[in-house]
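A lone chain, given as structure tokens: the form predicted alone.
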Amino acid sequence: MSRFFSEKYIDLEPYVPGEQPRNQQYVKLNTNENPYPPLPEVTKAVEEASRKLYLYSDTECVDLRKALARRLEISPDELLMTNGSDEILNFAFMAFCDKHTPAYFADITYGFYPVFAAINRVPYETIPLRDDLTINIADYYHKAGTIFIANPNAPTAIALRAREIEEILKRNPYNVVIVDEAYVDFGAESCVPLIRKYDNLLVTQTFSKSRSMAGARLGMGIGNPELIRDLNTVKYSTNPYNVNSLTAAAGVASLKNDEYNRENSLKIMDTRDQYGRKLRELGFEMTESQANFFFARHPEIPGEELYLELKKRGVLIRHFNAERIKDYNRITIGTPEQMDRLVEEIKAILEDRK
């Protein structure tokens, strides 16, 4: 770092995203991208919107919020659109946490939470998962700060039921509870229906996963209008034009035929079931996934070794070095053809170890 870098960030450890290779063709199963392209209408909408790039984007995302509100059966004033769901999560740390209001989240969860806490100078406490990597909801009762729960959790792929999260909400009436639903469309229960029952609930979602728009960067916060106003205060104080006009147009077009996205999600879930069985037949142990990825380990090969061996063979998966999960790898659910390649290479690696 330079000699000009502020001392307030001297110990900041940035979030490390998954590899995005440019020089070699891989079967890319490391960043939980959707293997299916968005609707052709999405591309067309982006092209049409590009003709007005000389104008600023709509700061309120009026058309997009109306379309999404209809889809979620809520009111537009219960929505805030953001530059990916990472932005709404950062807004939540800024709006609902401070030195008197710490953050609480699992010890094994989305790696951006501790980074957002650090960069916003928010004290935080990590709550250990059980040995089977599940959340004990009682550990989240009566906290003295803001709670963040990824549901389904990442990287474990395990989801809580909505009624379990409701128990956490009941026992934290004076704290905001943020439920990060980036992967909810792959079989988990959404907490969106609870936002009118609990004024302390903020749900975050994204177009990156189930709607095949990871490159567009479009996320959302869903909650009661007062929470949304709080978040808008932060937004308009940092980046009022946070959603560009091309992304907003793509979002509206995607929602016009959301059944297409739903069908792709069902295909991914079917592929998950089929190849989960195949990986178990090869000796893998894995969590019960309700996301578009597996969290798996093999008793005969360390997690990092498997990751490196697959990379040599042109297949990318995601490995984490944290002590509790170092034997695991996160494997995105790709197309059946991609998953066939994964299985073939794993078989070859296991055979070579005999």
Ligand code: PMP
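Since this is a predicted model, take the numbers as computed values, not measurements. Start at 1 and count along the sequence shown; that's the residue number.
One more form of this protein should be noted, the form predicted in complex with the named molecule, which is absent from this view; the next part is about it.
- The single contact residue among I228, V234, L89, C97, judged by any heavy atom lying within 4.5 Å of the named molecule in the predicted complex, is L89.
- Note on contacts: among G84, P76, G145, G187, the single residue with a heavy atom within 4.5 Å of the named molecule in the predicted complex is G84.
- Contact annotation for F93: none of its heavy atoms lies within 4.5 Å of the named molecule in the predicted complex.
- Under a 4.5 angstroms non-hydrogen atom cutoff, the named molecule in the predicted complex lacks R272 among its neighbouring residues.
- Contact annotation: A154 falls within 4.5 Å of the named molecule in the predicted complex, judged by heavy atom distances.
- When the named molecule is considered in the predicted complex, S208 lines it closely, a heavy atom lying within 4.5 Å.
- Checking 160 to 168, 175 to 183, 272 to 280, 257 to 265 against the named molecule in the predicted complex, the stretch whose residues place heavy atoms within 4.5 Å of it is 175 to 183.
- Along 215 to 233, a non-hydrogen atom within 4.5 Å of the named molecule in the predicted complex is carried only by R217.
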